[in-house]
Ligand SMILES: Cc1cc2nc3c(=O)[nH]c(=O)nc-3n(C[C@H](O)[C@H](O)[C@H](O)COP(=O)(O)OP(=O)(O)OC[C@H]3O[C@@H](n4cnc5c(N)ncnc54)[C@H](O)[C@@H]3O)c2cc1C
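One chain is shown next in structure tokens, namely the form predicted on its own.
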Amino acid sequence: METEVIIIGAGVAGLAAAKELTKRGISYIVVEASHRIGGRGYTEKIGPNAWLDLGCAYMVYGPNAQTDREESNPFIQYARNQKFEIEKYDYDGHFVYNGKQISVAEDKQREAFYKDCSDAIRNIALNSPDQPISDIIDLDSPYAVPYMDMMAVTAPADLDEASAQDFHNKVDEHEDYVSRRGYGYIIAHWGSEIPVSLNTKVECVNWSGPGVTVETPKGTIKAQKLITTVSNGILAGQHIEFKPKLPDWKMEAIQGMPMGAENKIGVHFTKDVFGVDDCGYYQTWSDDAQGAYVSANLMASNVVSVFMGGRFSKWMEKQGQDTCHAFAVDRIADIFGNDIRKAVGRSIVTAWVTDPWTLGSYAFALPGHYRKRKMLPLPIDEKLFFAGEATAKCNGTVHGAYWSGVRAAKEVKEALMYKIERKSA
């Protein structure tokens, strides 16, 4: 089988690359190891008229979206065009310590501490060599625990592993939208027109000759160019054999940007147990148990998502469904009281670190490795091109992955044109 371009991975980056190549009249084959498209954008039904995004859930865009294309999010307008129900995320934050919402005065202290942490990260990023975030914040503060819980989900790693420079240079979330049917559903709907060979794991990429040969259990595919969109976890673990091996500079960049651990436990409630003011974002922590970052009843869904990050998230994956369910219900009860347990229904627990096709949630920079992020998207020998959230300006986001796929497709187009021009000359 032959084509002009092989795309490895049918997540958002791979699908966006395919759509861009289609516009430009370039033939391609998309191969996907999983049984579905969408990658880390995936929605499952959790209850009657209720869905859970197992991966990405917030349709975000950056503060400069009007002037910087890479900060814009095409899925927001796509959802509107398709008449999908979405709404702007405009919910209040709540902070619960030892089962009680903190006072107004305490919340001001918490907010001041969070700001001090942000200022410390900014100062290091702008004026000093990179450091782990844990080295530059006051770990003795009474609000260090909820801050670390929140950052372990956001980074997504414990703060002794997280680069201050990398975190500072992330594109801020300007606005968020949520979807009743799920972000993953929107992605799957958008990508459904792209032909994809599912259950097709790439075993070897041979780029030693004039083109590229890809070996899969379903046969061999030959092409002039290749776009890989697989996660840094797959590349770092060398789950795809490259012949010859990827150069040292590329592997060092990949290994300096490992996959983080962000998981969630979605719990559906069988009754309307939440009041209007109960919806939104919570942080709960205590002197006796691991805290959590919680999203409750968005769009009156009767679903609560309990987030976990860093080493705790990895550990919880190993404990299994029952332990995760109990942890989530306990944290929800910390917020809303024990009576809410009577309405607990089904739960879904994610396990992105052990997912064989991702080996993590999204990439983050180890301390001292932030500048290697710029190496991730660089092509090799005008034959191997790289896309995916880790390679994007808006890394860790769906729209970042989307624009990385568009970029890689354009790079392929330019390389193909250069080859034609060189032959003509």
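Every value quoted in this text rests on a predicted model; they were computed, and no experiment measured them. In case it trips you up, residue 1 is the first one in the sequence shown, and so on.
The same protein also exists as the form predicted together with this ligand; that form is not shown, yet it is the one meant from here on.
K.L.:
Would you point out which of 232-240, 281-289, 85-93, 110-118 contains residues with a non-hydrogen atom within 4.5 Å of this ligand in the predicted bound form?
P.N.:
This holds for exactly one stretch, 232-240.
K.L.:
With the cut-off set at 4.5 Å between non-hydrogen atoms, does T43 touch this ligand in the predicted bound form?
P.N.:
Contact check for T43: no, nothing within 4.5 Å of this ligand in the predicted bound form.
K.L.:
Could you confirm whether A57 comes within 4.5 Å of this ligand in the predicted bound form, counting heavy atoms only?
P.N.:
Yes, A57 is a contact residue.
K.L.:
With a 4.5 Å heavy atom cut-off, would you call A365 a contact of this ligand in the predicted bound form?
P.N.:
Output for A365 is no: heavy atoms all beyond 4.5 Å of this ligand.
K.L.:
Within 4.5 Å, heavy atoms only: does Y370 come near this ligand in the predicted bound form?
P.N.:
Answer no; every heavy atom of Y370 is more than 4.5 Å from this ligand in the predicted bound form.
K.L.:
Can you confirm whether Q224, L376 and A408, the three residues that make up this candidate site, all sit within 4.5 Å of this ligand in the predicted bound form, judged by heavy atoms?
P.N.:
Contact check failed for every one of Q224, L376 and A408.
K.L.:
If you look in the predicted bound form, which residues in 17-43 sit within 4.5 Å of this ligand (heavy atoms)?
P.N.:
Those in contact are V31, E32, A33, S34, G38, G39, R40, G41.
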